[in-house]
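Included below are C-alpha cells for two forms of one protein chain, each presented in isolation as structure 1 and structure 2.
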Structure 1
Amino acid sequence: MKRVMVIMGTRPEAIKLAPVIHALKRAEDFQPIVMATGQHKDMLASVVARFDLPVDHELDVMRPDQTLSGLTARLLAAIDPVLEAESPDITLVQGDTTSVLVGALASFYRGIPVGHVEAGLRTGQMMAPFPEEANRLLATRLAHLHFAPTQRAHGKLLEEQIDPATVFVTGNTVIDALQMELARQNQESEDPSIHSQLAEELGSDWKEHPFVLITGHRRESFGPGFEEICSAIHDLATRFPDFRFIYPVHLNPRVREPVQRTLSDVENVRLIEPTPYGPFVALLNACHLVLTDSGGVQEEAPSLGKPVLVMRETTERPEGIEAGTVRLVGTQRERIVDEVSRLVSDENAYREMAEAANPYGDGKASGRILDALRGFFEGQIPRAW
C-alpha cells in the first residue's frame, strides 16, 4: 500500500482535493495522509466537516499582518518534520498557493516525489496573479506528475519542456466536488438545513429575488482596485433596485474595510460572512450571474449555466473565455457596471453565456489521477529527478 501525503492550505484546495482524498480512501492500494497547513484555518474547517475529510496533521502557521516570506519560512519549518515522521511515497499538492510551493519544495528536499493537481495554468505574467503565477511555475519544476485540467494546460506544460509521459489531462477536480455536493443537496434531507443557514443570513425570501453573487479577494486588487470594485457594486445596486447583490466577504482586513465602508448601508446589497461550501453552492445554483476574481468559481459556475464576469485583467483559465462562459472585465468601475448591466438587461446576451458549454471536465478527474499514480508506482511513468 502506497502512502500519499495530501497537503492543503486554503478552502479552495480542500474543495478540490476532497474528491481525490475520498478516492484514495476507497482504494485498497493507497493510504491518504492529510496535512492541513492552516492558511485559511476557519474557512478550511467548514470544508473538512462538509466532506468528512480526515486531517492527520494540522499546522498553525498564520500570523497577523504576515509577510509572504514569513509565511513561507514557517510553512517550510512546519511541513518538513511531518514529512520526516510520515515518510510518504508521494506528496500531492493542488493549485497555486504558498502551501503548494512549500509542500513541493519540502518534499523535493527529502527526495519525495510530488504530484501537482491542477497543473499547467498560466497567465504568462509573473506578477498577475501574484504570487500564484510564480508558485505554479516553481511547483511544476519540482513535480514528478502533472495533472492538467484541460488540453490547453497540457500544452503549456509541453511548451515548458515537461516530459509528456508525466503529464495527464484529467479534467478539474472541482467539478468532481461540485457534483458530489449537488448530489447531496438533491437529497431531500439536505435542502432544509442549507436553506435555514442562508435564510438566517439573507432572510427567508432569499430565493425570491434575482441576485448577483459576488466574490473578491485577490491580492493584486488591494487598494485602488477594490475601491473601484466596491464603487461599481454600489452603482449597480442603485441602477437595479429589483436585484440583490450578495457578497460573502473575505476575512482579509484589506478586503473587508473598503467593502464595509462603501456597501454596508446599501439596501439591496447583502454583505455576509464567508459562506460554507454547501450554502455557497446553493447560492451559485440560484444566482442570476457571478461577479468574481476567484479561479475556482470560473470553473464551477459554467457547470450550472451561470455567466461569469471576472474582475481581473488576466486569467490562467482562458478556456472559459474561449467557450463563452466567462468574460474578463478588470477592476475599473465603469467597465464592471457596463458588463453587468448588459447581462441584466439583454436577454440574448445573457443566454449566449449561460448556454455555452463548460470546458472544465466531466466529474471523473479523481479516478484519472489515481490511475496515473498507479502507473507511476508500477514503473510505467519516468521519474523526473
Structure 2
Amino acid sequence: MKRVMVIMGTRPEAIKLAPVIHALKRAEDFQPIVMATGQHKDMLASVVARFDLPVDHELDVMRPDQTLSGLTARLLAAIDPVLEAESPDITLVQGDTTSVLVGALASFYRGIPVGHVEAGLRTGQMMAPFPEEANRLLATRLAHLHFAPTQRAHGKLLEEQIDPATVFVTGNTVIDALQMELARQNQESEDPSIHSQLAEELGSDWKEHPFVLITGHRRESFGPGFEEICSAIHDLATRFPDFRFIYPVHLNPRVREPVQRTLSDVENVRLIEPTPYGPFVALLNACHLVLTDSGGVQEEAPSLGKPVLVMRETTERPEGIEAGTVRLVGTQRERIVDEVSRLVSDENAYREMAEAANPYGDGKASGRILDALRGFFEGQIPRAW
C-alpha cells in the first residue's frame, strides 16, 4: 500500500484534486493522506464539503490580504512537520499556487518524490500570470512525475528538457470533477437544494432572465485592470438592460473593493458571495456566456456549451482559443464591451463558440494519473533526483 500525500491550498486545487482523491480512496494499492494547507479558508471548505473529501491535516495559514512572502513562509513552516510525521511515499500537488510551490519544495527538502498535476502550462512571461508562471516553472523542476492536461503542455515540458518518460498526457481533472458534479445534479433529489440556494441569493426568478456569469481575481489585474473590468461591466449592464450580470465576487479584498464600489448600485448587476461548487455549476449551465479571468472556469464552461471571454492579456491555455471555445479579450474597457456586445447581438458568432468542442479532456484523467503512479512505484519510471 503506497501512501500518497495530496496537498491542496485553494478552491481550484480542491476541485481538481477531488476526483484524484476519490480514485486513490477506491484503489486497493493506495492510501490518500489529504492536507488542506489553509491558503484559502472559506472558499476551500465548501469544496471539501461538496466532494466529501477526507481531510487528515488542516493547516491554518491564511491571513486577511496576505502577502506572497508571508504566505510562503507560513506554508513552509506548517507543511514540513506534517511531512515529517507522515513520511508519505509521494506527494501530489496541482496547478500553480503558492501551496503548490511550497508543497513541492518542502517535499524535495525531505526527499519525498513529487507528482505535479496540470503540469506544463506556460505563457512564457514571468510576470503574467503573477506569480503563477514562476510557481509552475519551479514546480516542474522539483517534480518526478508530470501530469500534462494536453499534448501542448506535454510539448512545453519536453522543450524544457524534462525526461519524456516522466510526462503523461492525462486530460485535465477539472473535467472529471465537472462530470461528478453533473451526475449528482442529474439525480432528481439534488436539484431542489441547489435551486433554493440560488433563489435565496438571486431571487426565485434567477433562471428567467438571460445572464452573463462573471468571475475575476488575478493579481496582475489588481488596480487599473480591475477598474477597467468594472467599468466595462457597468457599461454592458446599461447597454443590455434585459440581461443580468451575475458576479460571485472572490473574497480577496483587492478584488472586492473596486467591484463593490463600482457595481453594487447597478440595477441588473447581482454581486453575490463566492458560490459553492454545486450552485456555481448550475449557474454555468444556465448562463448565456461567461466573462472571466479564471483558469478553471474557462476549462469547464465549454463542456456546457457556453462561450468564454477571458479578461487577460496573455494565456497559458491557448487550446481553448484554438478550439474556438474561448476568446482572449484583455482587460481594457472598450474591448470587453465590444466583445460581449458582439456575442450578445450576433447569433452566428455565438453559435460558433457554443458548439466548439472542449479540448481539456474526457473525464478520465484521474485514472491515468493512478496508472502512472503505479508505474512509478513499480520502478518503470526514472526518478528525477
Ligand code: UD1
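Everything numeric here is computed off the predicted structure, so don't read it as measured data. By rigid core we mean the largest C-alpha set that fits within 1.5 Å across both forms. Sequence positions of structure 1, starting at 1, serve as the residue numbers.
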Fill in the blank from the handout: Lone-chain pair; form predicted together with this ligand identified as structure 2
Handout entry: Ser345: Cα shift of 2 Å or greater between the two structures (core-aligned)
Key = no
Exercise for the section: Using a superposition on the rigid core, decide whether the Cα position of Asp65 changes by 2 angstroms or more between the two structures. Expected result: yes
